[in-house]
Every structure is written in structure tokens, then in C-alpha cells.
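Taking the form predicted on its own, here's one chain by itself in C-alpha cells.
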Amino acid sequence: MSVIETSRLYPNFFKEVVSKACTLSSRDNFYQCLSCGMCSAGCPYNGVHDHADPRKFIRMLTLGMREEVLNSTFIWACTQCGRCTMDCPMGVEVLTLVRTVRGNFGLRAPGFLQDVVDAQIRTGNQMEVTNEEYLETLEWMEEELQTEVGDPNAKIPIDKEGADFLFLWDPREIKYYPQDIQSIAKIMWYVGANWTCSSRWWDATHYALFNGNDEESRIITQRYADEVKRLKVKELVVTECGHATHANKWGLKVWLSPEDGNYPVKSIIEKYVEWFEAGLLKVDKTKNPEPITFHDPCNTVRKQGLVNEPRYVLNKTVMEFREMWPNGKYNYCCGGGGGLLAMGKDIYPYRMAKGKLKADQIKATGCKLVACPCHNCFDQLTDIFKYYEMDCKPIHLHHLISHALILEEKP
């Protein structure tokens, strides 16, 4: 049994952490922990690998074990998925406490997480794509789209004032998966969307959500707000990215002034639903005959409540949709969230240990295709499939929709 030396405790440490927490909830909630253990029972990874017990983390905080907390592996191994808080009878936001400790006490994340944030602050996007490369890629994909659909007026608009919405890309789409640009733009063209991209700030990702630095988060979020104003758009729409959706929906409420953060934010998944319900998306689901399952990104399902929307899209778009179990808000995190994907070799074993649960879930469905509307989860699933030698691949919702569009029935 380990010994706790009272001389090494900092009685005001927990109060200091709570005072620095960035949250929309009452700070009083953090003091309501009953030490009941429901958080540990709710965490799917408690027992799957070490350093995965949220109750121990909370107890160290409340006891004032400052040095132990700041040197804890838990704060980096936790994906901040929110599963523990969902089961907490008092609603204690463990993920918020993790984020606060990460970003407010002089710590630096393992791996290259901070480098990613630094790159986005410095260049405007986390992968340091130059403005010339970005614009050339959009132009290239516009030409490919025009060839595919046979319409020289099919456009990827840039800096169009007064559009219905400003669309933010994931830099992976620009740098590594340019065909995704074509796929998404094809859907926009098909429904006749009045949209635009920004030539200035276009990267939807937000790794400052994970390093816990609220000033860096404010800078990134303010850039989007400035573009909404400059281009006079009605709303901001985020590509298929879980944490970007959450950071942009929740973040404008906590990092911006009411004057700057007064615009609506939607995931493109929500736009898919709008377009289907309006009769603008006409698809032939027989073009997607292979059985497919769905991975719920934690940031969209638990933090933003987007449970039914992707399932609505899948049932409209594929022949056979099979659920994993558990699913929806009870889903298992893929293991790559919370910035773990960028934390390098020291955290990799924890990622793959978490990934075993996800791998087993997918195997149980018998599906080889996994719909996944999140680039972080997409990359983590790709690593899981390699590590566990699974004949599976992730796919975005837009891939399924654009492939199944009935071009001759375009509205």
C-alpha cells in the first residue's frame, strides 16, 4: 500500500484547477464528486490498460496531490471521450479537468501534439500547407469535378461574399486526400448549395482543444469568426471531423465574446440530412451494396448529440447497415481521440490497447467497411486495422453519398 505524505499535499490545488477550467457548466459541479466509482465503471478502458482509472485521478486532485497529478500518465492516456461523465450521478466533467491540467501548469504533451498546434497558429493550418498549394489543390479538384459531372459551371467557390455558409476543410483533405474535396464538392454541386471556402483561414481542425491552451484555442476560433464576418455568410459548416465539429460549436461559446460568437455552426452531416429531407439528394443505394457498420466519433455523439443524423444518412444511402454494440452515446472511443493520435510512440501502446475493443466490435458485425465521419477516427481505425491484421477499411459518409448520386435526376 502506497503512503500519502501530508507534507507533500497542496490543499488548494484542486481549487486552482477548477478556477482555470474552461466549461459551460457550473464550477460548483466539480466539487460534487461522491467517490462512488461510476466514472471508473463507465470508462471502457479501465482495466484494459494501466493508467486508465478516472476515480484515482479525481481523488489525487481533491487530495491536493499536485506533483502526482502533473506527472500522471493518465492525463495523456485519457482520450477525453466523456464516457465517464455520462455515467457520473453528479455530472463531474473529468475530461474538462484533464484538459485543464494539460494546458495550465506548464506541461508539454508527449509526441508532436504541441508542434501541430504551433503550426496552425503560425501558418493557419496544422500541416503547414502553403496558401499557393491550397488554392492550386482546390483549382485542380474543381477541374476534376467538372470533367466528372460534365458541367463547366461546377465550382469550388473561394471568398464568395453573401453565401449561405462558409465551409471549413480538414488539412488531410487538402494534403493527402484531394479526391475527398472532389467528392464533397460534387455533393454541393448536386444540391445547388450556395457555399464558399476561405482563402485565409480554412483549417477546421483544432488540436488546441487537446493541449488545453485556451489562448491558442481563442486565436484559432477568432479566425473563423472573422471570416464569417468578412464574407457575410449565414453559418459555418465543418467537414466530417468530430473534434472540429465540437470545437467550433462549443468553442465559440467559451472562447469568444457574445458579439463574435453569434453565428450558427453545423457539421456537414447535419446539412446532408437537410438536403435529403428537402428532396435535393437523390441516390441509388444499390450502388453501395456491401454491408457497412458505423463508428460514432465521441466528439459528435456524446458532446454534440449527433446520434440519429448519420444513421439517417446511412439508411438512405446503403443497402445494409449493421450497428456495432454498444453504439450511439454508449459507443467505445476508437482510442485516437484527445490528441493521442499526435502523441507519438510513448502513447501508441495505449492507443492500440484501446483499439482492441473497437476491433472486436467491428469483427462482430462481419463488416469490412466502417463509415466514419471523422478524420482522427479514420486514421486511428486505419492503424487498428493494420495492427490487428483486419481486412477492413474506413470510409466517410460523403464517399457513400457522392458515389450513389443519380446524376440524371439532379434537381
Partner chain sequence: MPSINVNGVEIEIDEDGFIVDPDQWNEDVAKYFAQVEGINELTDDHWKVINYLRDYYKQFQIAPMIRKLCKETGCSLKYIYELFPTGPAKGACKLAGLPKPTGCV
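Numbering follows the first chain given and starts at 1. Please read these numbers as outputs of a predicted model, since none were measured by experiment.
Below: the form predicted in complex with its partner chain, not depicted.
- A heavy atom within 4.5 Å of its partner chain in the predicted bound form is found for one listed residue only; from M141, V191, C197, V101, this is M141.
- The listed set I158, I219, M127, M90 contains one residue whose heavy atoms approach its partner chain in the predicted bound form to within 4.5 Å, identified as M127.
- Contact annotation for Y348: at least one heavy atom lies within 4.5 Å of its partner chain in the predicted bound form.
- With a 4.5 Å cutoff on heavy atoms, K175 counts as touching its partner chain in the predicted bound form.
- Not displayed here, its partner chain is approached by E136 to within 4.5 Å at the level of heavy atoms in the predicted bound form.
- When its partner chain is considered in the predicted bound form, G344 lines it closely, a heavy atom lying within 4.5 Å.
- Remark: none of the three candidate residues (C78, D360 and K363) comes within 4.5 Å of its partner chain in the predicted bound form, counting heavy atoms only.
- Proximity to its partner chain in the predicted bound form, taken as heavy atoms within 4.5 Å, picks out 177 to 185 from the listed stretches 145 to 153, 177 to 185, 81 to 89, 279 to 287.
- If you take 80 to 113 and check each residue for a heavy atom within 4.5 Å of its partner chain in the predicted bound form, you get just F112.
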